[in-house]
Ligand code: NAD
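Heads up, the chain below is alone and in the form predicted on its own; it's given as structure tokens.
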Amino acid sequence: MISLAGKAALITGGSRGIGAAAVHMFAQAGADVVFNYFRSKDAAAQVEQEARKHGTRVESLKADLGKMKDAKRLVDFTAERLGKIDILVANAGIWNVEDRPIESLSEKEWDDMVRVNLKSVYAVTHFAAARMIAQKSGKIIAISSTAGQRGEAFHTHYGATKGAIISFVKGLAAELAPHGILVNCVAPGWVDTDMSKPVLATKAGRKSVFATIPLGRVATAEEVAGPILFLASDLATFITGEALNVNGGSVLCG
């Protein structure tokens, strides 16, 4: 039932994890896709190659979205290659596996987290929204986290950025609704990706994590990409300002 045929999508952080799963799923649904990567050109090339098997246009660009000039360059590149931007998925982000108590959390660690997780969402949205306003349509989906809903001890800088994304989405949804633009976010819990591998790779880590999830396991990247695809589709044309929880029941909030 879901088709994105004829749609142009920009997905940030598309070389691995949730972003890579979203690139594949969007291409499978018929969308042309541009995604950015920051470190691994080889991983990005592999995602491109696999996603192109679905017959749509898929391209990648190296960009540091914590820099406004790179965010603009990515948005301009997408519009140039695809002709327009119908969908923005602001997914790029980081998480530190090591605990960071507030008294030892450095200014650099705080600033880096805010730059990558929050400023990047603002930056790419800033430039993409201008194009969507001009075309009087668009969908923006940002990726938050359960940490943004309940906080996360010893990772307060991460939780703060993800909570800010939810507030950003709610304000932006009301702001952009008159222009025909829908703005939502997806809030995953634990997901089996490279980011969480250091914890999930140990028996003790898995036991600790699984104990917090009623479904008794973590999500696959595809199980998060699916709800993202739903929000980008014509099945979600009257949903805006929403935080869609994908957490196996670990955080039960409306």
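When you see a residue number, it is the position in the sequence shown, counting from 1. The model shown is predicted, which means the values in this text are computed figures rather than measured ones.
Missing here is the form predicted together with this ligand; even so, the following discussion is about that form.
- Of the candidate stretches 97 to 105, 77 to 85, 171 to 179, 141 to 149, only 141 to 149 has residues with heavy atoms within 4.5 Å of this ligand in the model of the complex.
- Judged against this ligand in the model of the complex with a 4.5 angstroms heavy atom cut-off, the residues 26, 223 and 227 are out of contact without exception.
- This ligand is not shown here, but in the model of the complex it comes within 4.5 Å of a heavy atom of residue 38.
- Although the partner is absent here, residue 15 lies within 4.5 Å of this ligand in the model of the complex, judged by heavy atoms.
- Taking the partner from the other structure, this ligand in the model of the complex has a heavy atom within 4.5 Å of a heavy atom of residue 195.
- For the chain shown alone, residue 158 is a contact residue for this ligand in the model of the complex, at least one non-hydrogen atom being within 4.5 angstroms.
- Taking this ligand as it sits in the model of the complex, the stretch 72 to 111 comes within 4.5 angstroms of it through a non-hydrogen atom at 91, 92, 93, 94.
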